[in-house]
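Only one chain is shown below, in structure tokens, and it's the form predicted alone.
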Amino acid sequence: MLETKNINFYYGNFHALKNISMKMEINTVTAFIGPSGCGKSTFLRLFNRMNDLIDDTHLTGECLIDEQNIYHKSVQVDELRKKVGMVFQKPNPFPKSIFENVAYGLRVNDIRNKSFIAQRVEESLKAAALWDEVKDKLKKSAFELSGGQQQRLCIARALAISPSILLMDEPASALDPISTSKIEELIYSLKKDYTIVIVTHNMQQAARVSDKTGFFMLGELIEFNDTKKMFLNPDKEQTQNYITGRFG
């Protein structure tokens, strides 16, 4: 389970996230929506401490995974990132073969057993709904794949190290409608094994794939609710205005 308690986050003096408390259940898909610059990607990146890489930032409050504060000084960030996979907005395969892209995380974690690596590569590509398309060209460059295939390859790469949580920052925004549909089907199928959090500008996508939706505005969490209720009968007028296109 993922939970935040009274999270405030700052870029220098800029107050980017304001007092956000939220609970996300296991084996669900949670979507974050809101206009550009509202803080949803910053909030997403808290869960694998990607914001640590940015100078002059600080955080107050608690960010919990399975009731452990992941910002406690005892937490090993590299161990945390094995548990929390990340998929970015644009496909970012490495300049390696399809096989080595998926095997990369295993090798970095000092796994050398060739049969185990081969098994995990196959399992991950199957989980990412890509195996049938690439099983005969695993030694080919990942750059030979289409954009949609590259994004599914990046998802397979994230899955290979057996995370329990998968973060996705606009994973389909650079893709065509058919590839987007495949990514959405994949997200839906993966939630039986993973807890998934997705940032999306596409409200229809949030409505299609998520169980719960959080609406952000100017660094605040305006509303967090079951997705169906959020889109059909939101509690807050600001949410209604954004969903119906009156602002944002």
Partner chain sequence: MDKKTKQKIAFIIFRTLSLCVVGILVWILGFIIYNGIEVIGWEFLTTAPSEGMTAGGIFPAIVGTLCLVVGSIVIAFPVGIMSGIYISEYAKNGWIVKFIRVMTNNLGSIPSIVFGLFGMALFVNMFGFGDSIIAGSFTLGLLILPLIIRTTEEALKAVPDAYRVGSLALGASKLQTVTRVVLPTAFPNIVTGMILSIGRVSGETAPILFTVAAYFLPKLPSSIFDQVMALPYHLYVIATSGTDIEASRPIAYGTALTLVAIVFLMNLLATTLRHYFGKKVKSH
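Residue numbers count along the first chain shown, from 1. Since the model is a prediction, treat every value here as computed from it, not as a measurement.
Beyond what is shown, the protein has a form predicted in complex with the partner chain; the following relates to that form.
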Thinking of the partner chain in the predicted bound form, which stretch from 180 to 188, 199 to 207, 48 to 56, 217 to 225 has heavy atoms inside 4.5 Å of it? 48 to 56
Let me test this: is every residue among 104, 107 and 158 within 4.5 Å of the partner chain in the predicted bound form, going by heavy atom positions? yes
State yes or no: in the predicted bound form, is some non-hydrogen atom of residue 89 no more than 4.5 angstroms from a non-hydrogen atom of the partner chain? no
Contact flag, residue 137 vs the partner chain in the predicted bound form, heavy atom cut 4.5 Å: no
Would you check, heavy atoms only and a 4.5 Å threshold, whether residue 126 touches the partner chain in the predicted bound form? no
Distance check, residue 150 to the partner chain in the predicted bound form, heavy atom within 4.5 Å: yes
Can you tell me which bits of 55 to 85 touch the partner chain in the predicted bound form, meaning any heavy atom within 4.5 Å? 55, 78, 81, 82, 84
